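Next comes just one chain, in structure tokens: the form predicted alone.
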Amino acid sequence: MLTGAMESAIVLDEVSVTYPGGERPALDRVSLAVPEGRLLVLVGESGSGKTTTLHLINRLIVPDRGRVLVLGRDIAGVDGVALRRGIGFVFQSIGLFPHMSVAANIAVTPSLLGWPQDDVAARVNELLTLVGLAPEVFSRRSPASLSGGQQQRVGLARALAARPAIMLMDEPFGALDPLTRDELSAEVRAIHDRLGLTTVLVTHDMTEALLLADLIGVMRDGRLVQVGTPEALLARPADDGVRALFEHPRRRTEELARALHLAPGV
């Protein structure tokens, strides 16, 4: 058993995945334990295994070897559809149903679970308020009438609709403009804390990772190179590759400070 597994909401235990036709494993003997209530950010280059890791957790794919445990259960014997209805998932592409209203999009999972309609309606209003969209303004609108940031807020509300304990987020802010991205990422962290979620978030943005994460996992070539708090990884990077990842935001911050200092009138 992986150390810490009994206290963790999500456990990957020596997990490997090779896609059909793949020359090398997409994941190679990855072990990871995410403590309950923590926000883990996965970083690494494209193709390093970050999204594959998310898809393992909600059983969109199954491992060739190893085990995945969610809330103490080995999900190999769990119906995938039922599992996914209890795990929130937010995509970069958002994926709202264009023919449905905002309210209907958020209501999808509770309705499939057989919630009474009054409870569904109350939950939709509660979540729209939580993500900063007034229900009386946005409930009946179509996704096409929303800005990118508003659509992503609806996507977040939909992922939270069935009161999941676990949230998975795959580059959720990647398509947003910088100001909206900063605002929404801060709100995601606040919602995570308020609801006591366990969250795994994938991003390419190291500054975003440092600002959001309780724990950061660095992936490379299908392996988990290092995982720890931002402070621990900054102080003791496992290798030059991890060090380079963390040097980038530090260097950009120093360059920005110099530019602001030199700018006329600043």
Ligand SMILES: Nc1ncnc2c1ncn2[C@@H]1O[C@H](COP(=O)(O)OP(=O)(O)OP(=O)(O)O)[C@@H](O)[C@H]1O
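Note that the structure is predicted; figures quoted are calculated from it, not measured. One rule holds for the numbers: they count along the sequence shown, beginning at 1.
One more form of this protein should be noted, the form predicted in complex with the ligand, which is absent from this view; the next part is about it.
Not one of 97, 151 and 155 comes within 4.5 Å of the ligand in the predicted complex, counting any heavy atom.
The chain is drawn here without the ligand; in the predicted complex, the stretch among 232-240, 44-52, 64-72, 193-201 whose residues come within 4.5 Å of it by any heavy atom is 44-52. 26 is the sole member of 224, 26, 206, 215 with a non-hydrogen atom lying within 4.5 angstroms of the ligand in the predicted complex. Think of it this way: in the predicted complex, the ligand has a heavy atom of just one of 177, 126, 183, 171 within 4.5 Å, and the residue is 171.
In the predicted complex, no heavy atom of residue 109 sits within 4.5 Å of the ligand. In the predicted complex, none of the heavy atoms of residue 105 sits within 4.5 Å of a heavy atom of the ligand.
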